[in-house]
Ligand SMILES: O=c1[nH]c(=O)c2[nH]c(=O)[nH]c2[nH]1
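Just one chain follows, in the form predicted alone, and it is written as structure tokens.
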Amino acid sequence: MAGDLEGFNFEQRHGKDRVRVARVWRTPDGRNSMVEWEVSISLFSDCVDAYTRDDNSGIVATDTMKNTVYVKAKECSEQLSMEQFAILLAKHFTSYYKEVTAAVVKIVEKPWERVYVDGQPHEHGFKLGSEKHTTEVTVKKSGVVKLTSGIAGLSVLKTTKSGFEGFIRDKYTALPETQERMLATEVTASWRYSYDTLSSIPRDHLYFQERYMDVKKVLLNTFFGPPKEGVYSASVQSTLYQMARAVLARFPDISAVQLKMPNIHFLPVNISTKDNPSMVKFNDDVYLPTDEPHGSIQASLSRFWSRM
């Protein structure tokens, strides 16, 4: 919360970070579902006197925020997406406390995935996956909402159908042009939904979980292309743009997409000695994987009326 204080511009917020909670839902037929979330909360509130007058009467204690996470998780008798849980928490803080003008809730979901045994989904068994589902929700006391979801740590690689040529060459350039290379990256993606009020949020408790899976599928399909022939990538930049554009084209309720895609290098290996000039002669087969240093590519794509 910002304001004028003794001739200065003063901004403040407070909250609780890294509140870890796991929730299990059990159906009468014996099937269990579970999530593990790391929750961070920030509250904008009218508690300036705590900073200037040693008066804490306007502060919601951060320990109270932590306890609220567990209470609200307990109250969720039906399985829900973490976006819905974040909205529930933010709505609670802005409606329950008159001092709170806005709440920001961030959640990262640990990627537990149901295991399959002999081709059948296990009723209560899970294994840890890789990429993480993320969300950030801002709710104001007026009911205005800003909702983003995302993916962190989505590692992808293809061994062909990638090149890089036609870039600026000068006296500092040593990189050869190529139409054949490996392409690897770790995608960090975020997308903003067009819903801007609490009343406009879909009522289906798993809507955003399903949308997350659908967006991830579109990103992967665009990166790889058809299973037989694939799709050629002229650069990480080109592939990034195609991925972002595919998401906006497929989902009308997503107004903006941001992608970060570092170029993780697989360098051709050539080894020679005086006695053996072709000890290892590269033929699109042996590479040195390295992630330092790596190229850094990021961009956002939005509809004209959106603000990412």
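When you see a residue number, it is the position in the sequence shown, counting from 1. Nothing here was measured: the structure is a model prediction, and the numbers come from that model.
Omitted from view is the form predicted in complex with the ligand, to which the following refers.
Quick one: from V236, V100, L89, A189, grab the residue that has a heavy atom within 4.5 Å of the ligand in the model of the complex. Contact residue from the list: V236.
Identify, from the list F223, F164, F208, Y193, the residue with a heavy atom within 4.5 Å of the ligand in the model of the complex. Spelling it out, the residue with a heavy atom inside the cut-off is F164.
Proximity of Q242 to the ligand in the model of the complex, heavy atoms at 4.5 Å: Outside the cut-off, so no.
May I ask you to state whether V21 is within 4.5 Å of the ligand in the model of the complex, using heavy atom distances? V21 lies outside the contact set for the ligand.
Heavy atoms within 4.5 Å of the ligand in the model of the complex: does L128 have any? No, L128 stays farther than 4.5 Å from the ligand in the model of the complex.
Determine whether any heavy atom of H133 comes within 4.5 Å of a heavy atom of the ligand in the model of the complex, and answer yes or no. H133: no, not in contact with the ligand in the model of the complex.
Stretch in contact, per heavy atom within 4.5 angstroms of the ligand in the model of the complex, of 67 to 75, 173 to 181, 213 to 221, 119 to 127: Among the candidates, contact is made by 173 to 181.
Using a 4.5 Å cut-off on heavy atoms, what residues in 275 to 299 are near the ligand in the model of the complex? Going through 275 to 299 in order - heavy atoms within 4.5 Å of the ligand in the model of the complex - there is one hit, I297.
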